[in-house]
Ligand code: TRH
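One chain comes next, on its own, written out as structure tokens in the form predicted on its own.
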């Protein structure tokens, strides 16, 4: 817990575009900051998903309507997630204070996660505002990442302890469908663009329990498997939306996790289990460079054969005929080592919230 003098008022802004990932990241960020003693206002344009994402809420996080921020007095730090731009009137309040010589909040644009080399060069750079309601102010770029020269990853201070204390056998007893002896468990969370049917065929070659998360194209899974949700040696369970912390446990419990976007991608890595990443497809195919950059980082210490080809095929960047599941033991060992490196970095103050707090302190 921070001493009282260090407590700051944070305004975190989030727009929900077409998926829930942005809100997922912002909620984790807001809760982590609140746990460290800060006062948090989370301004969201559509907070309905929090009903299932965080049903218990968080008494230390105020969830407020995005548009109502126009009448609010800015706090000490303003974080706009992924360049969502706070309401113009809210920014104008900051600009007016600046023009009057008064203290103004530190304005941060929390960007998307990437392992691309340019992220290190761009992280922490100022962006002077020359026009618009924020003219005269400075916005700062803050990039999450995997190296010391980036903003790190969101890791709650108790995350590793919760992961270590997790008992998968007990957890599975709470579910209506449980893995049978010798049956591998696979979680599936992907975009509509993913070759779901081809994956089901691949998994059906050996005993597999598939848990298809809400947000996955469930209709395609159901159509491919039929009313019994079975195909070959594969059987499936279609899950409802589950709270974030329950989804974390799902990742810890499964042998392989297919994840998408950013929030589930980070949590899958921290789970220390084999994972496959489905990126949000961009019209200029920029996601291919993003995938390749992460693949280079992930494979740098030890190569997992077939992992690159599987990733490319799963993202429509290579023919599915090139896809194969990596050796399970080698994949699992490497994923565990990768997670351990991330945990160690976080424990040493390299997690996103620690670096964000230090970034703010260095510029106030």
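Just so it is clear, the structure is predicted and the values come from calculations on it, not from any experiment. Positions refer to the first chain, counted from 1.
The form predicted in complex with this ligand exists for this protein as well; it is not shown, and the discussion that follows is about that form.
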{"item": "Among 263-271, 138-146, 225-233, 83-91, the region lying within 4.5 Å of this ligand in the model of the complex by heavy atom distance", "value": "263-271"}
{"item": "Non-hydrogen atom contact residue 346 with this ligand in the model of the complex at 4.5 angstroms", "value": "no"}
{"item": "Non-hydrogen atom contact residue 20 with this ligand in the model of the complex at 4.5 angstroms", "value": "yes"}
{"item": "Any non-hydrogen atom of residue 323 within 4.5 angstroms of this ligand in the model of the complex", "value": "no"}
{"item": "Contact test in the model of the complex: residue 214 vs this ligand, heavy atoms, 4.5 Å", "value": "yes"}
{"item": "This ligand: the contacting residue among 182, 176, 101, 240 in the model of the complex [heavy atom, 4.5 Å]", "value": "240"}
{"item": "Contact residue in the model of the complex, chosen from 122, 109, 193, 244 - any heavy atom within 4.5 Å of this ligand", "value": "244"}
